[in-house]
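Only one chain comes next, encoded as structure tokens, the form predicted alone.
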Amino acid sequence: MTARFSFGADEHIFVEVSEDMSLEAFFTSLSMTNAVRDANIPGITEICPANASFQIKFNPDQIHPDDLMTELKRLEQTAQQAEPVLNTRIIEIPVLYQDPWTHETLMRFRERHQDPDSTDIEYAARINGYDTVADFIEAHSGAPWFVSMVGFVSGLPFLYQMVDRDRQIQVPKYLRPRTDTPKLTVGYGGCFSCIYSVRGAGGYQMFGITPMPIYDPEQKIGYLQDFMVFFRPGDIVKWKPIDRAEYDDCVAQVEAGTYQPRIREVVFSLDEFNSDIDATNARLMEALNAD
């Protein structure tokens, strides 16, 4: 896998690891950005990893663009030789599927949808070959997901489903974007799920909502006091379907300052995952549920 390097104006270098999203491309991108961070190259001001690419912002008064390009290409060789093992964390995210708030929103924007006569999740279930919405929810929540990048708006994670390619859910975005999406909506577009960290415009299909805040610029929420953004690339997420009573209880705990997400430290091996996906996912689930 050979990366493609290009300049972006005077202060950026864009590196495309692959044209296709895959865990292999993600691992290469993550290894390269980690290598750049560890190298402490003078003049680099920002490192922005993405699904299968990344961008470096730099100060050209401190480092010549050609010199930085040379150094990045050298680091590419180091990153490609790194063992694809990641020390990370698996996180349980509660989701109220088919909630009243996203339902009200999606009904306001049906003229912008591919199928105005069904809800977003009904449409997604049908085009992915599931007989019922319940079957679709089981597929969406049944396997873990990788956080491949965080961005677009502050704190928003893009999540990639950790299953065989032929089992991955695929759903197109709205024909025209909405001007409104509830905060903490669990959305879906293409092969990616996401959580809308703030209320605003959006085009992803809306499946549900989580009671768990993932972005707090004031850092008043207990588990966000160290950093205002909850997710980081490489996190593994497991959706947990909940009912309305459980949702309300979680909201009350967040407001009381007592809510703590379920998080476990895990080691993820890409080679192990590729050799037996279901067994690797089962091991991750065991780690998450361990006392």
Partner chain sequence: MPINVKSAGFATSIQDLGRPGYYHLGIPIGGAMDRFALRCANILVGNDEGAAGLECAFMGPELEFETDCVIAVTGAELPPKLDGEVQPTWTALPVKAGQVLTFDYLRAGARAYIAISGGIDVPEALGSRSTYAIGALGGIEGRPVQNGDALPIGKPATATAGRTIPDSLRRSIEAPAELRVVPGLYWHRITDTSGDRFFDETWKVAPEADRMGYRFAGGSPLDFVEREAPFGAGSDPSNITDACYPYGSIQVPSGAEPIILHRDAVSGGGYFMLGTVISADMDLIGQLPPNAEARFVRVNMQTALAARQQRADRLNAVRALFA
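Numbering follows the first chain given and starts at 1. Note that the coordinates shown come from a computational prediction; the quantities given were computed from them, not determined experimentally.
If you look for the form predicted in complex with its partner chain, you will not find it shown, but the lines that follow are about it.
> Which one of these stretches, 126-134, 89-97, 214-222, 105-113, sits within 4.5 Å of its partner chain in the predicted complex when only heavy atoms are counted?
Replying inline: Partner-contacting stretch among the options: 214-222.
> Out of Met162, Val150, Leu159, Val186, which one falls within 4.5 Å of its partner chain in the predicted complex, going by heavy atoms?
Replying inline: Exactly one listed residue reaches within 4.5 Å, namely Val150.
> Any of the heavy atoms of Pro241 lying within 4.5 Å of its partner chain in the predicted complex?
Replying inline: Outside the cut-off, so no.
> Is Arg262 close enough to its partner chain in the predicted complex to count, meaning some heavy atom within 4.5 Å?
Replying inline: No, no contact at 4.5 Å.
>> Taking its partner chain as it sits in the predicted complex, is His12 near enough to touch it, meaning that at least one heavy atom pair lies within 4.5 angstroms?
In response: His12 belongs to the contact set for its partner chain.
>> Is Glu19 part of the interface with its partner chain in the predicted complex - any heavy atom within 4.5 Å?
In response: Glu19: contacts its partner chain in the predicted complex.
> Is it true that Lys73, Pro84 and Ser141 each have at least one non-hydrogen atom within 4.5 Å of its partner chain in the predicted complex?
Replying inline: No, because Lys73, Pro84 and Ser141 lack any heavy atom that approaches its partner chain to within 4.5 Å in the predicted complex.
>> Do any residues of 228-261 have a non-hydrogen atom within 4.5 angstroms of its partner chain in the predicted complex? If so, which ones, in sequence order?
In response: The stretch 228-261, when checked against its partner chain in the predicted complex, contributes Met228, Val229, Phe231 at the 4.5 Å heavy-atom cut-off.
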